[in-house]
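One chain follows as structure tokens, the form predicted alone.
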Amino acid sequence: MATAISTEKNFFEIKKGIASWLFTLDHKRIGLMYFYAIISFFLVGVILGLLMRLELIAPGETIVKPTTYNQIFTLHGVIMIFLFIIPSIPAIFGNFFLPIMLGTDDVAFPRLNLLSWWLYVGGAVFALLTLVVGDGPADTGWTFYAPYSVQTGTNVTLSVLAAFILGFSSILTGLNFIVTIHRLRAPGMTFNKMPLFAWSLYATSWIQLLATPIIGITLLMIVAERVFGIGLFDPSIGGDPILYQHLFWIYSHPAVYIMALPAMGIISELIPSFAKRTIFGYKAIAYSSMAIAFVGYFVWGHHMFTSGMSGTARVIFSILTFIVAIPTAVKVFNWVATLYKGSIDVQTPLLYALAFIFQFLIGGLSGLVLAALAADIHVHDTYFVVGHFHYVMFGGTGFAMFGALHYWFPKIWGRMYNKRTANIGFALLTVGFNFLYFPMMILGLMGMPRRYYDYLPRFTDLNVISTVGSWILAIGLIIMLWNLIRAKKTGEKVGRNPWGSISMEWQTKSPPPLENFDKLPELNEGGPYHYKH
């Protein structure tokens, strides 16, 4: 339990110099190191995505050759999935705020936390080495599907080793959060009085702990096949490529919830804060996180309806996929019910939360199209899947992360950004996002295959709209980041609680002291979201 400390210095001021950051055991500094690294890789991934859209602005070759295009979209996928979306919210905001929200001074294993960060950096280095070693980055797509990944001459081995190392970082973070939540909650904070962001991290951590080893073993099997010629996945030497798909998706579908659950936890923090209302259905939201995590283990087969499996298996996986939508719908209902008759304060973080709900609903409902057996046959491996995936991951998790960044920015740095500029950045991001990805769903319904370097002239108009949307989105990103960078240096200083929120992290100073609290935190009567009117 955190105790009062004598110093008035915040965690930025305790020690100076790069070594004090690189070898710190302070969860807040580790969270910020993750933030700087993850945002850097995100920007690289955005640039690669812009290059892909520029190539697809017209039929035929425009800026790159077909092989280069394949390498660009593979690297884009690897960076965005393994270096951005999966670690983003847990590694940044989980590390920074979970101990503060629980009323303690650090995570359970600070040294393990630092090791997780170094493993993340190590995995990132391996991913970057593919640019300069061997025959260049892998050209298989981020899924590394066999037999492509065991036959291509490009640098698959380093890419999968990068993902393997990043998996260890994810496992250690999950283990740390589970123990922290079980052992270090403030006195009187039962599970049913815990913040919903902590609940979402708890559900996510169990997925990280139990599902990630499967992908680690699978990736090592690819390396073994490439190096030793073992016939695991390559049919030409007796392997089974369908086995790879099963092993990959047994991890990678639960990984979708590693990406989405923390985002849902963020939304559950933002909406009561800006509706000034006790959240509707606290237990339903908390337990639905665990339900999503549990059912999410059993739905991987819907990625493989066209790969060849029995009719019975298809029906079972289809039903399970529809079932996993139910706890998600519970969350959306409760968020909207919380807003109903609330004293709504329209600030930038709330705008991101509302955009999340709208875009995540589009992503989720289009996912039900893919869960339906007959519909999936027609849209599988088309641009419909690309649009669906980005609506869930970027329109959902990405926007939730930006919302969290604008919500907790004054707590982390003690300064406030320009709200008008932030709203302009949000508007451009949202418009650009929908212009970029909604045409992809229509293209998919029209029959345009995903991952293709070229396309028929009848797809041109929608591809032009999509590419222009990517430019609008990029401008919105630049405005958002410029506004935050400027605010970090020159923004107006704020007090402990600029939003008038009642969760525990707003009881401490902005920025927080080294041991998180300068006075003993107090549990809010009636739970973490009980607003008194």
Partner chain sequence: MKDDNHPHIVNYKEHFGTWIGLMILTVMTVVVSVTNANLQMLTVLTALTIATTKAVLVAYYYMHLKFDQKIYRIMLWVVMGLFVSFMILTIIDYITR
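Owing to the predicted nature of the structure, the values given are computational and were not obtained by experimental measurement. Positions refer to the first chain, counted from 1.
One more form of this protein should be noted, the form predicted in complex with its partner chain, which is absent from this view; the next part is about it.
Identify, from the list 125, 329, 319, 313, the residue with a heavy atom within 4.5 Å of its partner chain in the predicted bound form. Exactly one listed residue reaches within 4.5 Å, namely 313.
Taking 4.5 Å between heavy atoms as the contact cutoff, choose which of 117, 417, 300, 335 touches its partner chain in the predicted bound form. Filtering the options by heavy-atom distance leaves 300.
Among 236-244, 86-94, 267-275, 447-455, the region lying within 4.5 Å of its partner chain in the predicted bound form by heavy atom distance: Looking at the partner contacts, the answer comes out as 236-244.
Even though its partner chain is not shown here, does residue 214 get within 4.5 Å of it in the predicted bound form, heavy atoms only? Result yes; residue 214 sits at the interface with its partner chain in the predicted bound form.
Is there a non-hydrogen atom of residue 210 within 4.5 angstroms of a non-hydrogen atom of its partner chain in the predicted bound form? Within the cut-off, so yes.
Using the partner position in the predicted bound form, report whether residue 308 sits within 4.5 Å of its partner chain, counting heavy atoms only. Contact with its partner chain, yes.
In the predicted bound form, is there a heavy atom of its partner chain that lies within 4.5 Å of any heavy atom of residue 121, even though the partner is absent here? Output for residue 121 is no: heavy atoms all beyond 4.5 Å of its partner chain.
Taking its partner chain in the predicted bound form, would 183, 206 and 250 all count as contacting it (heavy atom within 4.5 Å)? All of them do, each having a heavy atom within 4.5 Å of the partner.
Across 125-164, which residues bring a heavy atom to within 4.5 Å of its partner chain in the predicted bound form? Heavy-atom contacts within 4.5 Å come from no residue here.
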